[in-house]
Ligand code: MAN
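Okay, here we've got a single chain as structure tokens, the form predicted on its own, with questions on binding and movement later.
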């Protein structure tokens, strides 16, 4: 009842004010094409001064179809000045300013037809009809904003509650971080202390291992020298400690390509530019080249290509064996590692590690175990700190976002809405990103990431800008503007691509139902 009374009062006041405005407009004398607000500047009792203040002219020069003022202000009712404007009174409807170039051009731009007074064009006066439609639309918009404002109030309440909750979470996370950093520092200090003891205890073993490695390397070196000398003596037929080309030709092991002959290229491969080698040169240079050939001959070494073929055959055999194992699982007493549960794998790995670490004495092993556990605990503590820091950054970013003057858009953050056309599915995730996906399959294409509010000064929160999307082929990065309107439900209404790689979305939500400017979208037709 109250709501209906409010609407009726609003409608009555609107009609009264509009009628008075129309009456005053029509009764105030002023030159053709001049608005009511500028009528005092056109006084027929004195010279007219151009709006830019450059010159003054006799009032009789106003609307004489000759442009005297640089700003075009002396010809409001003609098309003489290209930069001038003609004011349509449009009694019964909204007034309108049009460029002077449209005056008497044969097209009825003013609903009252006043712009075509001398063109011979007959213009029907449609202002009353358009006025009724405009008033009906204004009433519909007012009702929509009235109903949507209640939903907007709920969003504002939830948005502020969400912001307060995030602020409390941030405060708690800062405390958690302080405690976690303290624990991490304690774990790091303990780790460093135990690692120092571990390194000291392992020093003896490492030195022994290094000595053993060096000893083994020396033994391998001596064995290699001994083996190379045995072969040298075998090929040195005349025992003069020099291996000549004739002796190499006799020794078929130098037949690198296995064609039955040792040719000049093969001799050069083993001898280089010399025609003979002594023992030292044979050991250091020739033997490393010869040994792989001997291993191939004895079947102890396979060339790369042959080795790859063998590995592929083994993999194929393994696949077949795996298929058989899977088929007859449960019938084979000795299951493969692939069939073992995860816990048994871990046990095997632990046993393998135990076998490697059993070389230490009991005290050293204890220090190694303590240091290993300390490293694990320190790693866990570091991970905890990083996770807390990530949550802090996420909440800080949310708190820094502009959710509207009263946090009315806060609850929409991260929520997604979709719109489908014949080819694509578009998704808008508010304050996050915009994507496009073909109905025929394929990956999502980014049409922009949250950038900023981009509406005009009088209604900043009417447009969202999403920028830096996936680059078009030989084109710019995709971007999307989301035009927001008042609606009783939050919904993605339409998607278009007015320009290449630039997308436009229409999005309605109760968050936009701010009664302080319910008709802002219609102001473009009002007096300039």
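All values derive from a computational prediction rather than experimental measurement. Numbering follows the first chain given and starts at 1.
Keep in mind that the form predicted in complex with the named molecule is not shown, yet the notes after this line are about it.
> With heavy atoms only and a cut-off of 4.5 Å, decide whether residue 436 touches the named molecule in the predicted complex.
Heavy-atom contact with the named molecule at 4.5 Å: present for residue 436.
> Using a 4.5 angstroms cut-off on non-hydrogen atoms, would residue 424 count as touching the named molecule in the predicted complex?
Yes, residue 424 sits close enough to the named molecule in the predicted complex that at least one of its heavy atoms falls within 4.5 Å.
> Taking any heavy atom pair closer than or equal to 4.5 Å as contact, tell me whether residue 41 reaches the named molecule in the predicted complex.
Although the named molecule is absent here, residue 41 would stay clear of it in the predicted complex, with no heavy atoms inside 4.5 Å.
> With a cut-off of 4.5 Å between heavy atoms, is residue 65 one of the residues that contacts the named molecule in the predicted complex?
Flag for residue 65 set to no.
> Name the residue from 472, 57, 488, 493 that puts a heavy atom within 4.5 Å of the named molecule in the predicted complex.
Selected residue: 472.
> Counting any heavy atom within 4.5 Å as contact, can you tell me which stretch out of 30-38, 456-464, 47-55, 472-480 lines the named molecule in the predicted complex?
It is 472-480 that comes within 4.5 Å of the partner.
> With the named molecule taken in the predicted complex, which residues across 482-500 come within 4.5 angstroms through any non-hydrogen atom?
Counting only heavy atoms within 4.5 Å of the named molecule in the predicted complex, the contacting residues of 482-500 are 497, 500.
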